[in-house]
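Shown next as structure tokens: one chain only, the form predicted alone.
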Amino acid sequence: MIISPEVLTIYIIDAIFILFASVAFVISVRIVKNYDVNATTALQYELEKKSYLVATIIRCLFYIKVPFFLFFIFILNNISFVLPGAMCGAGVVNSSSAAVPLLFLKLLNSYLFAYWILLDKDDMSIESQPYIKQKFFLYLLFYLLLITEIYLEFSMFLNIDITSVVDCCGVIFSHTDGSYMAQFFGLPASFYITLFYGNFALLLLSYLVKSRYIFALLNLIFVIVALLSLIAFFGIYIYELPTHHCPFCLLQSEYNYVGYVLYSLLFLGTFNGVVIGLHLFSVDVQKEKMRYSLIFLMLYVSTISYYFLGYYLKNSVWL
């Protein structure tokens, strides 16, 4: 078990999330079950009034929860000094079996919760509120994911043994341990360059032809491609070290916290791109979402390319 001001902060915030999210869940069940836009009963008026209150609660929770993912990663890096052998958040993740599922769930929830915010905003902008039952039904599903995430978060911190030696990121992301990770890092540089820039080129093409669903699908693929290529290939040019692949060290001061910039740009770009395949926007809003997606992804690709090409221009050699 690990106790620190940062972890206590997470416990307190999670407790608040559970309280308000559970209240919203109970009322959302009533809305999904009984709401009828054509009814004129007292129950209907009561549900309409409560829907505004509940939507506000959920919106506030999700507005906090989405960027809270970066705060969680910051905490992992910050508490790594208490674990023998750990040098960054990777060591903390390595210390608990719940950590990896938790990270994947947090990433998934960030996209889903942001989508709910967008759906709610669209619903509230229309007088008839056509998505009211849909958004509260989705919340019932997202509530279960939120509770699962909080459970895994508690489980991770409660089961960390601060007396056990853990692997550092240099061991976890090693070239020489004979693991699948090592084989993954052993793929040629041309593979990652082709995969990354090829995916982005297809994104540009789908943007030019205004193919909404292909653009959304390519954005979804780009999330995976960008993260894998960053860890396996592009990250070494940020570190200027061919054996350093850790995705957590990018968030440290030694590298100017560039990881926060990269991960934020990647999220904003891919979210705006993926969401147009999930929701029916007006033509103008659809074009706006695609434009925002492309701008953020161009900034991401430019930043990655700056380190990649800049290293060669300075040293006249590839890593």
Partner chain sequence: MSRVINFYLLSYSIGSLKREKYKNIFLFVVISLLVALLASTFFLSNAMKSEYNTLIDTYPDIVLQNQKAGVAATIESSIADKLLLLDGVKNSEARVYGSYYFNHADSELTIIGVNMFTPSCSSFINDLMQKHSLHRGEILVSSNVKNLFNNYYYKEYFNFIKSDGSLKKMQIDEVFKNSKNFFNKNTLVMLKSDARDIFDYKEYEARDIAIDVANRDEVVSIALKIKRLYPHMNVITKEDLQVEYENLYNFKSGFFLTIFIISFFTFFIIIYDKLSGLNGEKRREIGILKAIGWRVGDVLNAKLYEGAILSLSGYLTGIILAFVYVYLLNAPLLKNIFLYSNNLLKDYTIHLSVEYETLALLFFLSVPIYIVATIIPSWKIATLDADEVMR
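Positions refer to the first chain, counted from 1. Since this is a predicted model, take the numbers as computed values, not measurements.
Omitted from view is the form predicted in complex with the partner chain, to which the following refers.
- Residue-level contacts in the predicted bound form: of F71, F191, F184, Y151, one residue has a heavy atom within 4.5 Å of the partner chain, and it is F71.
- Just one of S229, S155, N78, S174 comes within 4.5 Å of the partner chain in the predicted bound form, counting any heavy atom, and that one is N78.
- For the partner chain in the predicted bound form, the listed stretch (28 to 36, 53 to 61, 272 to 280, 258 to 266) containing residues with heavy atoms inside 4.5 Å is 53 to 61.
- Looking at the partner chain in the predicted bound form, residues Y115, L146 and G170 place no heavy atom within 4.5 Å of it.
- Taking non-hydrogen atoms only, T9 approaches the partner chain to within 4.5 angstroms in the predicted bound form.
- The closest non-hydrogen atom of I13 lies within 4.5 Å of the partner chain in the predicted bound form.
- L205 falls outside the set of residues with a heavy atom inside 4.5 Å of the partner chain in the predicted bound form.
- At a distance threshold of 4.5 angstroms between non-hydrogen atoms, N315 is out of contact with the partner chain in the predicted bound form.
- Residues of 119 to 143 that come within 4.5 Å of the partner chain in the predicted bound form, judged by any heavy atom, reduce to M124 alone.
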